[in-house]
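Next up: just one chain, as structure tokens, the form predicted alone.
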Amino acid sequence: MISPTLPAELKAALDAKLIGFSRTDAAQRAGRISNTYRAGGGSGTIKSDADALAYALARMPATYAAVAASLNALTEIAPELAPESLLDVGAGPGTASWAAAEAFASLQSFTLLDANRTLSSLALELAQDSRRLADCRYLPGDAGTNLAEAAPADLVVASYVIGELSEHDQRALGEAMWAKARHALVVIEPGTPAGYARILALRQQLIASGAHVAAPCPHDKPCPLTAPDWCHFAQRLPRSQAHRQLKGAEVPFEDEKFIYVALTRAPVPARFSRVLAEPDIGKAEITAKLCTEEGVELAKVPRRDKAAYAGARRWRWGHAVMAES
């Protein structure tokens, strides 16, 4: 399992770039960019080096945390997975590549694809400070149209990308990413009902193409959740003083809500139930909402069953637990 916090090399590289950079200006730029993203404008508003750095300083910590949690879930379910090559689709400043480098010591080559040249330049500058990413390859081009130029990779990751595309282009990108993935594909989106709907559509599409769900689902069946409920998770990460200033926040931590799907070519060897919400720990019992192979279940673990109760006390939102629990 890897930490949700930025690697020391990446944090140091970002801190170095912050020297002499107005934090007030960075906060304003980050705010404008965030508003554009929420409105569906994508990365087109990032046009200068200052824009790219402001975006990276504000968003890389949370995006990294979500990708790290998603990759942790994959490695927990498929511990034998040892990819040697990575394709980072819609890489931006390279956040997912940094997380993958931490998660998989086996990775030897990194290919990053993104249409925004300003973000690409920043990604390459940050990668120079990494022992693992220094020789990464960056391909210019739009994820929806230029993916064909990329070579297949053992692991393909796309974080916070598909929401920028039309429904038709999302399907085309899903098909193209799966075609490039030799062993596994991981896609992460914001933990909103819209983000969940996009992941759900991609999941259904690629299962029909032969993919197997490794995480978060304990099955390849249709999602058992019904509206207005939706599947998503949260990863807490600490905020540095600079990060708080950029975000205009006083709380020393941030909870990044996200949804993901990890798909593999080969069936996973074991199935685990997934905790869909923070468990309710009562005096008499622990109640937890689980997604199981049979559907959504409200599991109740009585205190009198000391061993099971002790195990259930460690359950957290998003955790995988043994199916018989």
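Please read these numbers as outputs of a predicted model, since none were measured by experiment. Residue numbers run from 1 along the displayed sequence.
Although it is not shown, the form predicted together with a small molecule is what the next lines describe.
Problem set entry | The unique member of 133, 73, 206, 115 whose heavy atoms fall within 4.5 Å of the small molecule in the predicted bound form | Going through each option in turn, the one that passes is 115.
For this session: Identify which of 202, 177, 153, 161 has a heavy atom within 4.5 Å of the small molecule in the predicted bound form; exactly one of them does.
Result: The option sitting close enough to the partner is 161.
Exercise. Okay, which stretch from 220-228, 192-200, 178-186, 88-96 lines the small molecule in the predicted bound form, with non-hydrogen atoms inside 4.5 Å?
Worked result: Selected stretch: 88-96.
Exercise. Should residue 264 be classed as touching the small molecule in the predicted bound form when contacts are defined as heavy atoms within 4.5 Å?
Worked result: No, residue 264 sits far enough from the small molecule in the predicted bound form that none of its heavy atoms falls within 4.5 Å.
Problem set entry | Contact label in the predicted bound form: residue 292 to the small molecule, heavy atom within 4.5 Å | Result no; residue 292 lies far from the small molecule in the predicted bound form.
Problem set entry | Distance check, residue 211 to the small molecule in the predicted bound form, heavy atom within 4.5 Å | Result no; residue 211 lies far from the small molecule in the predicted bound form.
Exercise. If you check in the predicted bound form, is residue 165 within 4.5 Å of the small molecule, heavy atoms only?
Worked result: Yes - in the predicted bound form, heavy atoms of residue 165 and the small molecule come within 4.5 Å of each other.
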